[in-house]
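Quick setup: one chain, the form predicted on its own, written in structure tokens, and binding and motion questions come after.
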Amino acid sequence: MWFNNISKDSDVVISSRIRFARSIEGYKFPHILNSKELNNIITLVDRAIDKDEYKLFMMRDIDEVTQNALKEQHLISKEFVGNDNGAIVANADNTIVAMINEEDHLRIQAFESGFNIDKCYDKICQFTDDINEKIKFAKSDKYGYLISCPTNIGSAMRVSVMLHLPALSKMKLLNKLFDQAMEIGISVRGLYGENSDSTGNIFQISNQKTLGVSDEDIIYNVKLVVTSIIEQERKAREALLNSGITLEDTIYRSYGILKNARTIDNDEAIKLLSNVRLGVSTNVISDLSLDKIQTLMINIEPNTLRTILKEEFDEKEENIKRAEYIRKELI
């Protein structure tokens, strides 16, 4: 998830997420359930949540633009968009968001800004334990939680950290670093997860293995790798800043384009904002805050921009509207 608030290690770490997959005992997996059975799953979850803290939204009642905006904000998966038999449970600040009838009956997610895995874990356990008091999850003494994809059986937990790594990227040190991470069971994906690219030098680091590994060990391993990457990214930033004016020139040119462009597509804007984010994080740029950059990187996505401006427009108009929005925000 994108966050506009700043927290621990936010100069490098954009956000932390933990996801639990859960199946409800006595029900087949979602892909072989009919509409009535899928609706029964939603009803069960709706009865189990605390209505004072969480709200349930039917996907069929959410318009297409808003669904895609939720995907852009990493609150729901791209596979969940258009799922008329699904629903979302969320708290007021979207730090807990559960998808009902995605690949599994429940995909529960906890989000925090910065490097805050432990806080995510505490929140997701509290929510899941409360649900589990009213709904029994499918679980094997031998294999752990039983869910639709064999690669997630066991703890059924995915720990993900979204990182901004422009300096390591510019110094071409990422491939070696990621190869080392993968050797110890840590996967590296692009901005939107599996099979996506690293737009804006933003990457997601997460555990691969869930079977036969405890929650504590998964969290420890991800923390170990992320802590090392944070340290190396900071060293790379320092080295680039000490190597001459090239980096500063790149940062200020990017800032200048964003403040003056009359039309700009999303990919170019994200790449330029990545450079400016680096400038803000290293104090090269002092008249702009990191939370402002975070907000811009969220809000300029195509569908999120439409929800903010409350307008419909074609691609050409979108690029003009995006440029205008960025200029106003950077004044």
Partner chain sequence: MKCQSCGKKEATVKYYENINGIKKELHFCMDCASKLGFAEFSDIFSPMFLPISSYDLEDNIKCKTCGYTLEDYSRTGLLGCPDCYDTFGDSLDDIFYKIHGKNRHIKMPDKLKKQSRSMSDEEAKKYKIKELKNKIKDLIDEERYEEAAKVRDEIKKLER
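Computed from a prediction, not measured in an experiment: that's the story for all the values here. Residue numbers count along the first chain shown, from 1.
FYI, the form predicted in complex with the partner chain isn't displayed, but the following is about it.
Three-residue site 80, 190 and 203 fully in contact with the partner chain in the predicted complex at 4.5 Å by heavy atom | No: none of 80, 190 and 203 comes within 4.5 Å of the partner chain in the predicted complex.
Okay, which stretch from 71-79, 135-143, 165-173, 241-249 lines the partner chain in the predicted complex, with non-hydrogen atoms inside 4.5 Å?
-> Looking at the partner contacts, the answer comes out as 135-143.
Consider the chain as shown here, without its partner, and state which of 101, 254, 160, 210 has a heavy atom within 4.5 Å of the partner chain in the predicted complex.
-> Here the answer is residue option 210.
Can you pick the one in 261, 125, 236, 96 that has a heavy atom within 4.5 Å of the partner chain in the predicted complex?
-> None of the other options qualify; the answer is 125.
Indicate whether residue 147 is a 4.5 Å heavy atom neighbour of the partner chain in the predicted complex.
-> It does: once the partner chain is placed as it appears in the predicted complex, residue 147 has a heavy atom within 4.5 Å of it.
How about residue 178: is it within 4.5 Å of the partner chain in the predicted complex, going by heavy atoms?
-> It does not: once the partner chain is placed as it appears in the predicted complex, residue 178 has no heavy atom within 4.5 Å of it.
Looking in the predicted complex, any heavy atom of residue 199 within 4.5 Å of the partner chain?
-> Result no; residue 199 lies far from the partner chain in the predicted complex.
Exercise: residue 153 in contact with the partner chain in the predicted complex, heavy atom 4.5 Å | Residue 153 belongs to the contact set for the partner chain.
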